Structures are given as structure tokens and as C-alpha cells.
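What follows is one chain in C-alpha cells, specifically the form predicted on its own.
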């Protein structure tokens, strides 16, 4: 089973930093964002390769995931064994690359990976969002297996006044992930059978308050549909448009997740907040992080 990470975007929200450094290589603590996503993608059983859909203008990403024996040897000669091991680990991850030479939307990016995914189900993980405990895709795969290998997407609740900013699902709750009782159909762990995908609905038209958070487990049929998918919003080939067509042929399910389970790095503010969040969570980093903030900054946070 393959996992696909689209990473061909220009990262314009982070300019001018991304003029020379791809957004995906910006660090969160001591690792680039995309490494967190790759490691998450490899967590579910059966995933043996991660396919990064890259741009030829961003060779730095491919370079990062290559073994660099010379650099490792230099680090080891200088007594930096832990750092050398970390560099070796990144270069040894089972990552391959395909290229999106003509960026035409998320659906087109996913389609670029078809020669590698072939006729098997596959995961799609958006590259500016990662889950530190790596459990989300594992649970999605279990839901898929429970429902005969159906497509599964991760969704999370959003306040009613914000539904017009997201893609919202329609459908009905059919149970819970672990069999527990739910106080609400939109509680974490709820499993929905999806009947529709509505892009940025008005509040009064929203069929639910659940939005897609950037994790998909899709059947191979989606690749065939993407090959004939016309342009949609923004003049691009939209993955959600092909998924809507998939619903006409196959069942699809959604797993409700805690919106705080993942870490967003899609904007400078979100990226900075994710760094702070993980720094506070890590017992080895937390004391130095709080010291580096200084008393004045801590007062501003109160």
C-alpha cells in the first residue's frame, strides 16, 4: 500500500522564506514538516512506500531524503553520533518521487501518483498538517477494513459560523470507532456514512458541521475518475469533485477526529503555534523553550 503526499505548491504564504527553502522543509523543532508527515504515513500496517508529488523547482526535498554518507561520517568524526543517526534515519525512509509539472489542483497532484499506486487503495496526506501520535491513519484503515475496504476520510467538527470556509460532509452517523456510546453524532470517534461533499456551504445549508481535515484513504477507482475529471473551483481539478462522483458508485465513510489531534503548519502563524505547542509538550525542550521566551513574552501569553 502506498501513501501520497502532495508537495508541489509554491508556499506563497511563507514568502520570501520559501524563495529558496521549500515550505515542506521548514523545521518544527528539529525536523522538517514533511518528515513528520512521511513518518505518519508509514505508521499503518501495510504501507511500504511514500510517494511525494514534487515540483522540479524544489529539488531540495528529494535531496533531504537521500542518504549522505559523507556528511554522516563528518558528524561521527566530530563525536555527533546522535545527529548522524538522525540524518541516516531521514535518508533511509522509503520515499519515492513523482512530479507535477503543471500544477492544476489537488486532484491533479494525486493523479500524478497513479503509476506508483497502480490498482491498490492508497492514503493521501496533505503536507502542511501532521499528527504527532501518528494514529489517525491507522484508525482510518481499521474503519475501511470494517466496511469492506471502502474509502474513508478524516473529518472534524467546526463551529457553525465557520462552515462556509470548509468542505463539509453530508451523511449519517452509523456507529463509533470503538463501539462506545456517543453523546453527539459529531463526537470524536463517530463513524459516518458519507452521502455528499459540499464545498463551503452557507450556514443554513450546511448538512453537518464536519469538515475534511486532510487525510484520505481512497480506493483505486478514484484514479480512474480523476483521469476524466473536469476543472472545478479555481479552474483546477478538485479531488472533492472526483470523490463526489465516487459516491455514485461506492460507499464512503468518515471518521470524526479531535481537531486538536493534528498540527497545522499551513500559515506562518499556524507553523509558529505548532512549534510552540510541540516545544511545550516535549519535556526535554520545554524548560529551554520557556527560558528562551523570557518573562516579558510569558506575561503577554497570560
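Numbering follows the first chain given and starts at 1. All figures in this text were calculated on a predicted structure; none of them were measured in a lab.
Not pictured, yet referred to below: the form predicted together with a small molecule.
- The partner is not drawn, yet in the predicted bound form one stretch among 191-199, 67-75, 139-147, 99-107 has residues with heavy atoms inside 4.5 Å of the small molecule: 99-107.
- Put simply, of 167, 127, 157, 121 only one has a heavy atom within 4.5 Å of the small molecule in the predicted bound form, and it is 127.
- With the partner removed from view, the residue among 279, 25, 10, 293 that has a non-hydrogen atom within 4.5 Å of the small molecule in the predicted bound form turns out to be 10.
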